[in-house]
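The chain below stands alone and is given in structure tokens; this is the form predicted on its own.
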Amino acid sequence: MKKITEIAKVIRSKNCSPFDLTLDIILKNRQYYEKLKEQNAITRDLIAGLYRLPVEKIGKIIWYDPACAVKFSIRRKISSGAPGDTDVYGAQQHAPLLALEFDI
């Protein structure tokens, strides 16, 4: 088993609109990327479980071959900048991804 922090060079989140976050996992090399893609290791169900959200709140998983990256979006619970929002830029929402481990 390898932790995501061992196989990814970038794990980040950011706003893609006031209502959605986009999350990116950029793998260190093509081998890790192809293995995860082949295993379909990152799914909407997996992300929904990590973030404790209904699967409908998770956007399409996009495997972006040129960058060895996996991208997806999450519907924000509260819009960016609204009263009660704790991360107006959406830059600190990647933390649940850090718990991921894969058999590669």
Partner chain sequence: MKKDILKILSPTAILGYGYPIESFMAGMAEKPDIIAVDAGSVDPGPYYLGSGKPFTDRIGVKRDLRCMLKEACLAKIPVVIGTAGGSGAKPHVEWCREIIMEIAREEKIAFRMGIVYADIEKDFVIESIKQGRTEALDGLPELTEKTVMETKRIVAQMGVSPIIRALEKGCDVVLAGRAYDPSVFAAFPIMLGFDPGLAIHLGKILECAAIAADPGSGSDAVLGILKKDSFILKTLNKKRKFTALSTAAHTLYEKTDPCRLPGPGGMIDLSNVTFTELPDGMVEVRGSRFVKSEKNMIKLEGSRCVGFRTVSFAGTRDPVMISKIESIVNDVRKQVDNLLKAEKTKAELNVHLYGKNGVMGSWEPGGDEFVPREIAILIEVVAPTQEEANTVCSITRSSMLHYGYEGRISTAGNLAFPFSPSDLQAGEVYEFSIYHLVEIENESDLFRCEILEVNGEEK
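Numbering follows the first chain given and starts at 1. What you see is a predicted model; the values in this text were computed from it and never measured.
The same protein has a further form, the form predicted together with its partner chain, not shown here; the description that follows concerns it.
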{"query": "Triple contact flag Asn40, Thr43 and Ile104 to its partner chain in the model of the complex, non-hydrogen atom at 4.5 angstroms", "finding": "no"}
{"query": "4.5 Å heavy atom contact, Ile11 and its partner chain in the model of the complex", "finding": "no"}
{"query": "Non-hydrogen atom contact Lys35 with its partner chain in the model of the complex at 4.5 angstroms", "finding": "no"}
{"query": "Contact test in the model of the complex: Ala67 vs its partner chain, heavy atoms, 4.5 Å", "finding": "yes"}
{"query": "Its partner chain contact in the model of the complex: Ile62, any heavy atom under 4.5 Å", "finding": "yes"}
{"query": "Those residues of 19-52 which, in the model of the complex, come within 4.5 Å of its partner chain by heavy atom", "finding": "Phe19, Leu21, Thr22, Asp24, Ile26, Leu50, Tyr51, Arg52"}
